[in-house]
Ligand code: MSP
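Presented as structure tokens, the chain that follows is alone, the form predicted alone.
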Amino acid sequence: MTKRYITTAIPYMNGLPHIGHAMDYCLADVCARYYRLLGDEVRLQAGTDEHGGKIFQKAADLHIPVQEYVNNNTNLFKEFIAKLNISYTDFVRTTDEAHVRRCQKIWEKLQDHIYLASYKGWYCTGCERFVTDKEVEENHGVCPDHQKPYERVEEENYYLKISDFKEQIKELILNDKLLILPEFRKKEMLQLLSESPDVSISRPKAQLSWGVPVPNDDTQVMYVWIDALSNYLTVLGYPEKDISEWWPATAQFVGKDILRFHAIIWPAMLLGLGLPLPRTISSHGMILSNGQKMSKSIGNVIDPIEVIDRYGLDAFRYYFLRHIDTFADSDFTWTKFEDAYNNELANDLGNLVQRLATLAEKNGITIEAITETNLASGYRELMEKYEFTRAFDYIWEKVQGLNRKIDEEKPWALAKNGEKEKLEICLTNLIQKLLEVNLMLSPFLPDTTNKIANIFSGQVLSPKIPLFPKK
């Protein structure tokens, strides 16, 4: 049995759960469920990023204590994760006492690669990061993500020597020892790495009081990325425990907007700690709405909770794991979603299950449940490369193929003609193939596939209510 550790990017607690968070969770969950299907032991991490200036300011604006504010938001995210049926095993909060303590120990272990220096330059409050003169020039002095001018700051900070690790990181990425997916992002990260300066990893307490205190310096707190990135280790107990049975991570799932931190700062931290790098960092694209970036001002934001409440969880997972590309920017419209729901989920899969279950029940045919994990090689190849959209397409071709096979073999005609032996062979083969497909589908649609397995377990129970009632 192989031990595997899968991670999600911990969301920043200054807002509500959104569709990007759902993608992180769902992609990591598919990965975790797939490896469990193979018989591996999997730990899947989730958590919340609770420090930083934006969070402190938001709590102040609402006139509530900052700890109460992050507690409330963390509870919302836990409810959201539960609503998505994410099979996580470990949850970390960056305000947890254990995380704070372990984070400080990580800082101390990195001490040889940390120095104190004065900084004069540009800062984006929205991104909570320092930006280079080149970025400011390219963006005409305004952050493209937050539409706010960069601030000119001058302060004394601690820095992590990215320069100590650049060549090592470059070689590891080039040789796919740190595999960055999709492939085209690898070139972007190598370019950013070549241009990356040493990174500020603290802020003066006078500017930012809400954070992990820097060890042996009560004038500084840790910058959010050092604090946040450490969570992948602290949740395992590092550095107080030996984590070698779980680390390095098999796969880490992040949005493309934070890939640079995971491909540059994070590897530098790990090399400084003497730890191996994760095997894979998989980055997903943005979800557009009617071809535009989602924006509250435009009014085109898609609320994942609304989608789930209207259509059910597996309808949500189906669309966002099949029709939203695993790696590239993709578009959502209600028309596309409803078409996929009615014509694919309800028609292709729902009708397939109902037809076979009804025929088997009417003719007294029972099927033994599948006990062996028999996964097609084409499916496994795609899943191992984290090509989840293509793997889903592969499964759906088999679903549609089974529908065609029913129409070709016409089991209802065999029943009408009294050809019981031929009918039993026909239905048994069709249902066994459906159950094989169902197994491959289970990492994507766990609730639905569990219902299908129950329908065909031992005695057949025809679904009285369709799996996906047409809307």
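The first residue of the shown sequence is 1; numbering continues from there. All values derive from a computational prediction rather than experimental measurement.
The same protein also has a form predicted together with the named molecule, omitted here; what follows describes it.
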Indicate whether the named molecule has at least one heavy atom within 4.5 Å of a heavy atom of V254 in the predicted complex.
yes
Using a 4.5 Å heavy atom cut-off, state whether A228 contacts the named molecule in the predicted complex.
yes
Any of the heavy atoms of I258 lying within 4.5 Å of the named molecule in the predicted complex?
yes
Would G350 show up as a contact with the named molecule in the predicted complex if we use heavy atoms at 4.5 Å?
no
Of 390-398, 301-309, 375-383, 285-293, which is the one stretch near the named molecule in the predicted complex, taking non-hydrogen atoms within 4.5 angstroms as near?
285-293
Of Y223, W107, Y232, Y318, which one comes within 4.5 Å of the named molecule in the predicted complex, counting heavy atoms only?
Y232
What I'd like checked is whether Y12, H21 and D24 together line the named molecule in the predicted complex, meaning each has a non-hydrogen atom within 4.5 Å of it.
yes
